[in-house]
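Taking the form predicted alone, here's one chain by itself in structure tokens.
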Amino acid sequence: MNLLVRALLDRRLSLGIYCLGAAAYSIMIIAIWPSMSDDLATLEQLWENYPEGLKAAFGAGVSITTIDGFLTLEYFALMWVIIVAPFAIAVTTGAIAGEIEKGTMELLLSQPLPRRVIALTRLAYLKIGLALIIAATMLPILIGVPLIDEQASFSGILALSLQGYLLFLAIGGIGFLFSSLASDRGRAVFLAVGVLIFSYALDLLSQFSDIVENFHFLSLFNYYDPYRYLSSADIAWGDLAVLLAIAVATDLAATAIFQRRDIAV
């Protein structure tokens, strides 16, 4: 508990900035919608004239003339991932590889604590941080959408929050696994970001190639469909199970590697 409290206190500024950034972007998108919704026909025509590849990249089948579709295309389809995923990667790659690189791991290991406790503390901070960032994202939407005379599905927002939480836990788990294997943070970050870019590229290319579509299941974004969750709260439990399995498996593997790893102090 002392380690967790210390981690929260040491990183309260960066976590607060992330929460404010996520909330500010939500407020900005909601504030833009009234001016866009004044001419929905033009907006729909503009969207229909986009290249098919671009529509596939940002959300095939999404209606931009609804507040749910607008939020999906302008925020949740890509920008939300760009905002939150770096937090998950930064926390987890700094948990082990970062401490080793800075030379502070020896201080942690000198404490009368099992290594698994150190690992679980870092993961607990990740889970708390992600929950706060997601709350900061969704609360302005819940409050702001009714203020612009639109309707937001409370169950849809909760469903998307759950899906996003599991997606970012999976991304963090991948970062934690590479952190347990590396001795410098830069390498762990490079590998984790590489997996993320590969997942996005595979998800995008699967829209155009039947061959690539056969390997779509390897992409994290195959299990992320914000419009489906936001618009109808239609939860794909199988997708959530895959994301949860990735998060749990990578966390357990990283903890096991860390426990057995020879770290010179």
Partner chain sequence: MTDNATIVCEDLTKFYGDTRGIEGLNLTIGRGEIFGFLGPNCAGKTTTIRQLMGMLRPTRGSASILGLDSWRDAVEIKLRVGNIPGGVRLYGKLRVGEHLDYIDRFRPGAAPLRPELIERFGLDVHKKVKSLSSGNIQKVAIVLAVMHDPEILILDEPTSGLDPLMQQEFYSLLEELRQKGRTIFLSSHILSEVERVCDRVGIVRDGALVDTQSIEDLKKKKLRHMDVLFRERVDAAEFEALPMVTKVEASNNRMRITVQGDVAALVKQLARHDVEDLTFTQPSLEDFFLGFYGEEVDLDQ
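Numbering follows the first chain given and starts at 1. Predicted model, so just to flag it, every value in this text is computed and none were measured.
Below, we turn to the form predicted together with the partner chain, even though it does not appear here.
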In the predicted complex, which of the listed residues (183, 151, 111, 155) lies with a heavy atom within 4.5 Å of the partner chain?
111
For the interface check, one of 114-122, 83-91, 190-198, 165-173 should have non-hydrogen atoms within 4.5 Å of the partner chain in the predicted complex; which one?
114-122
Though only this chain appears here, would residue 102 touch the partner chain in the predicted complex if you measure heavy atom gaps against 4.5 Å?
yes
I'd like to know whether residue 107 contacts the partner chain in the predicted complex, with contact meaning heavy atoms within 4.5 angstroms.
yes
Heavy atom within 4.5 Å of the partner chain in the predicted complex: which residues of 6-28 qualify?
6, 10
